[in-house]
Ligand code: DGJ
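Single chain ahead, by itself, as structure tokens, in the form predicted on its own.
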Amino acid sequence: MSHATSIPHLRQQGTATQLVVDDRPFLVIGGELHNSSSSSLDYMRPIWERLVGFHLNTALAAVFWELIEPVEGSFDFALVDGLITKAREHGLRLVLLWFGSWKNGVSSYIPEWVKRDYKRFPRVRREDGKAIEVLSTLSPASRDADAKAFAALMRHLREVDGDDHTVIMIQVENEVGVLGDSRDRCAAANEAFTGAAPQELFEHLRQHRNELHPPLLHRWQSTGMRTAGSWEEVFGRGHETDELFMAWSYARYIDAIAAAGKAEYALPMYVNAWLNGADQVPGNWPSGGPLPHVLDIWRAGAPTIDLLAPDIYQTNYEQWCRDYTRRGNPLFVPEMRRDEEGARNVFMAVGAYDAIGVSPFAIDSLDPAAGGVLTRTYGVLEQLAPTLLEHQGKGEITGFVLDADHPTVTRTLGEYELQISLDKVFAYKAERGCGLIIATGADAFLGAGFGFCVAFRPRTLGPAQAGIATVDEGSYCNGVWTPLRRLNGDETWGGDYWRFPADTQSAAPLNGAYLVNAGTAISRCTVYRYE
């Protein structure tokens, strides 16, 4: 890995935000480990090669406050150093997940000396008065202790990795929020809730009034858009206001931790979210976490945080991507499904929403040899990354997922309208499809994926029809294109479609013969016009 380059940082390219590593844009082709895997270097020993086998370039690994500071004021970074060393040996980067005050809404990773001193480090109290094992955001002592440990970690990373940039990004805490109630009801929280809501929040809301999430704007408007009063006086009564209060409280607490860390080593930092489900209320999901409907509160309360990231396990993947790119928030998906559906959604995130990267959870549970679509998808993404990053943010890329409910999408790239459908030829039709397409020139396109086909139509003045001039299947090695086959005939349905067969070694049989070999899943197409 390189030296004498700027530290990893974010930059804008058109409408996209890119992660820059060693002064070049970097696409995170990631996989997150099980929570406890990175607690042991011995346990990790056989996992590193498996990660490489998936074509990953980045592993997401947790680091633990309880192991880094087992005794207050005494820090042990042997585990962190071992993870960095092994990642370097295997050509991988790291995104470290700081399991500090909270993980999945609870405080299970805090050191034992914090757990036992519940008076110095008070817990959340529910409406019934019961304390739960969740550190209160209203405790300066808890915030400052976490910030001190996090700052020590970031200082150490600067010392041991400031030139090599093995660690490229940091997640601060994990899926924060109160479970079991809509807000913290300890004495300090009640006092803050009934006291004056913060003026810095109102200033942010006023400045961004036309960009606010509709439910938040509606609650504010329902009280006359007041800029003074208690939380309930400003936003009305109800668990929705409780959640706004908790979002502000978590954002301020975590921003202080991130600021302490960035003062030592200013790597990009993000906070991830446990997503809410339908027919639920705050407390069923972690109340106060960085969900879309409180994103504006987080933007106001945590300006040090570079992005807010969704952990997407639900089926409406594209809607979550859309929600998390509002107000210029860069998309990064640190957790997602690792099955076939998750693999297909990789193309959606990076192709349609300019994602910094994606990372299926618990990837160390899988064998890359049996990884199926995920291994193939990551293999394709590894080849395409340089070209993809070159065209990000310029309106020259699209990504999509197709199935029986959504068999066709229409997208515009350059001078052409692309009708993208489930792949079909003779009696065969794919059941699922996914991919991305990049416009590399006025009449030239690069595509990748499985189970779809593309027809072109001109969208500007001139000849009214478009035909396929050439299709060349091939692969990239170190950014250099190597053609394999010139495709025509059955492989283009007589020149009507640019085709990407399903993710199998061959399509369905017809009259005892197989129709199409799936090939490399990457091809280049040129288009011409005619009347």
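Note that residue numbering follows the sequence shown and begins at 1. Keep in mind that this is a model prediction, so the values were computed, not measured.
Here the subject shifts to the form predicted together with the ligand, a form of this protein not shown in this document.
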| field | Contact segment among 382-390, 196-204, 153-161, 167-175, judged by heavy atoms lying within 4.5 Å of the ligand in the model of the complex | value | 167-175
| said: Is E335 near the ligand? Define near as a heavy atom within 4.5 Å, in the model of the complex. | reply: yes
| said: Is it the case that E69, even though its partner is missing from this view, gets within 4.5 Å of the ligand in the model of the complex, heavy atoms only? | reply: no
| query | So, in the model of the complex, is F361 in contact with the ligand at a 4.5 angstroms heavy atom limit? | reply | yes
| message | My question is simply whether N104 lines the interface with the ligand in the model of the complex - judged by any non-hydrogen atom within 4.5 Å. | response | yes
| query | Looking at F75, W113, Y313, Y118, which is the one with a non-hydrogen atom within 4.5 Å of the ligand in the model of the complex? | reply | Y313
| note | Answer key, the ligand contact in the model of the complex at 4.5 Å (heavy atoms) among N35, S475, T492, N57: the residue is N35
